[in-house]
Ligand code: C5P
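This document opens with one chain alone, in structure tokens, the form predicted on its own.
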Amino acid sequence: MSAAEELKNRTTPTFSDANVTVIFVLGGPGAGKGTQCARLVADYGFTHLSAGDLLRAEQDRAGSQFGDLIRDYIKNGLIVPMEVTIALLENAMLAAMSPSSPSEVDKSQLRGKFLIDGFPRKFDQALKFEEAVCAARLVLFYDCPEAEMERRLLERGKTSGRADDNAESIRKRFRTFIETSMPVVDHYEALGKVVRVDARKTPDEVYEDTRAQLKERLGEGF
């Protein structure tokens, strides 16, 4: 049985949310998630995991059981099956908390702090992650209007070389975010777990707002 198949049937979380802090980081394309995550990592010792980066790395890893599948889904513009993405996130969390002998540890006793960036993309992904891996403490949501995100990404596209940094792709990505990811934000907001940050400000101002709100929710050193 592959890791993804095992995870599909699992109903008990691998990690204890008393010991492991998971913060989902959401926001539309160009909202500045990566910039803010990097600063939180440097100042507060979080591990930053990007679902997109993990998928891209896995599709190129020699001998990967998921590589061909990931390539096919990405090539066809489809969302990779959630069990694959969640299995990669879980493996990365385990490697960060127990790098030497992950197979020999009591996973329920491991401790760590994670910013999971760009995930969950859909509501069912959020539910499955919490059921099988770890309950999320908070959702850090960088709220930015479409026009501002488009302006930023078009500017980035002048030097990024990314094929999707163009107006048509940006608008499609924004529509997808509104349709699939906003229900995730709405769900956690109803639970009182969303930290909403105005991402229109300068990066320094956004970071100060992020820090102030996280201190209020999690304590001084979070």
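Don't overthink the numbering: it's just position in the shown sequence, from 1. In this text, rigid core is short for the largest set of C-alphas that superpose within 1.5 Å between two forms. Computed from a predicted structure; not experimentally measured.
Keep in mind the form predicted in complex with ligand C5P is missing from the figure; the text below concerns it.
Checking 90 to 98, 77 to 85, 128 to 136, 106 to 114 against ligand C5P in the predicted bound form, the stretch whose residues place heavy atoms within 4.5 Å of it is 77 to 85. Every residue in the set 55, 121 and 173 has a non-hydrogen atom no more than 4.5 Å from ligand C5P in the predicted bound form.
With the partner removed from view, the residue among 51, 185, 195, 40 that has a non-hydrogen atom within 4.5 Å of ligand C5P in the predicted bound form turns out to be 51. Ligand C5P is not shown here, but in the predicted bound form it comes within 4.5 Å of a heavy atom of residue 162. Of the residues in 191 to 222, none comes within 4.5 Å of ligand C5P in the predicted bound form through any heavy atom. Core-aligned CA deviation for residue 95 between this form and the one not shown: less than 2 Å. Fitting the two forms on the rigid core leaves the C-alpha of residue 79 displaced by at least 2 angstroms between this form and the one not shown.
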